[in-house]
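As structure tokens, one chain now follows by itself in the form predicted on its own.
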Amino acid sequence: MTIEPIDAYREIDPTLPTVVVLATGGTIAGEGSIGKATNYRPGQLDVNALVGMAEGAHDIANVRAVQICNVNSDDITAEHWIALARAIDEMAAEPDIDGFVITHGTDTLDETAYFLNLVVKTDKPVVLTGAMRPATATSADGPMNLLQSIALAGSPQARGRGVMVVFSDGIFGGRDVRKISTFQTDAFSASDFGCMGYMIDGEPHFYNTSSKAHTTTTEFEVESIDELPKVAVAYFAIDADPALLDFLVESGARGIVIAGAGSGCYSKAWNDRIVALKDTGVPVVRSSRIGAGMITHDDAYQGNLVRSNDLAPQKAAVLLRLALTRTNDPAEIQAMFDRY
């Protein structure tokens, strides 16, 4: 993947932190009918335009910019993830860079945040943000989200806290953040655990932190991998056909995440099919479609099973893909789900 070179905006002010903004597209870079919040084209504006809209950004940081890609976040791939993580790791070695901001579409922002939280090898702040309204909408929310993210990425208080997300004044951990609304500007939450803190007038106020391992303390990295194993998510509902599980294995899935009912539950027919798939060596992660709570051990379910802890299905898939770069042993993968 070709990444456009870094662009320096202005002369360096040695009294300010230096923050790199890496743009990937999404609604924050979208354009549509003036004033309208729907029916727009994501990924139209480049990183220079985005920073230019964040009025006051140059007063709080020396801003450098990289255009990773310019796509709808539903089109983000593992190739983009790996390129993004490698770019951060490489630039983090530069002593004059203090932090990073990633502009991203909101649909899959939580997945990218968790991936980076597991693989980047720096304690310098890495902050993701986006927008629920395109740049051409009335009261577009992107400029303020970006300004607050730049302020957080340049703050010494943000170091060592893992990958974070800033949205509508809130600071969320990359592991726990989830999108909870299809249209409201405060579209993100950390569910059971609450946000890490708030951004107020450019200053971070922290209250919580995750106890889970992240960034420099994980076993995952991107230097030695060019792709991630294929993992599928199967959504369980009443009368869901268990033949879907066979199809997923036959189509090349090296792991399956089940978005189960309740606490990761599914029918006897699904359980029987998962038991039958045990000899394939494909691990199956029990997760929940509920959105809160954790998955506990239950002897009623059998097979190459792993419990997702409290991870949502899409985040369980992120961790499973990384785990499969190391092992396909369910016990070892379970230990990873407990640690991360």
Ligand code: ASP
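From 1 onward, residues are counted along the sequence shown. All figures in this text were calculated on a predicted structure; none of them were measured in a lab.
The form predicted in complex with the named molecule exists for this protein as well; it is not shown, and the discussion that follows is about that form.
Residue heavy atoms within 4.5 Å of the named molecule in the predicted bound form occur in exactly one stretch of 87-95, 242-250, 129-137, 113-121, and that stretch is 129-137.
Interface membership of residue 73, defined by any non-hydrogen atom within 4.5 Å of the named molecule in the predicted bound form, is confirmed. When the named molecule is considered in the predicted bound form, residue 105 lines it closely, a heavy atom lying within 4.5 Å.
Though the partner is left out of this view, residue 40 does reach within 4.5 Å of the named molecule in the predicted bound form, counting heavy atoms only. Remark: residue 287 does not count among the residues lining the named molecule in the predicted bound form, judged by a heavy atom distance of 4.5 Å or less. Using a 4.5 Å cut-off on any heavy atom, the residues of 10-29 that reach the named molecule in the predicted bound form are, in sequence order, 26, 27.
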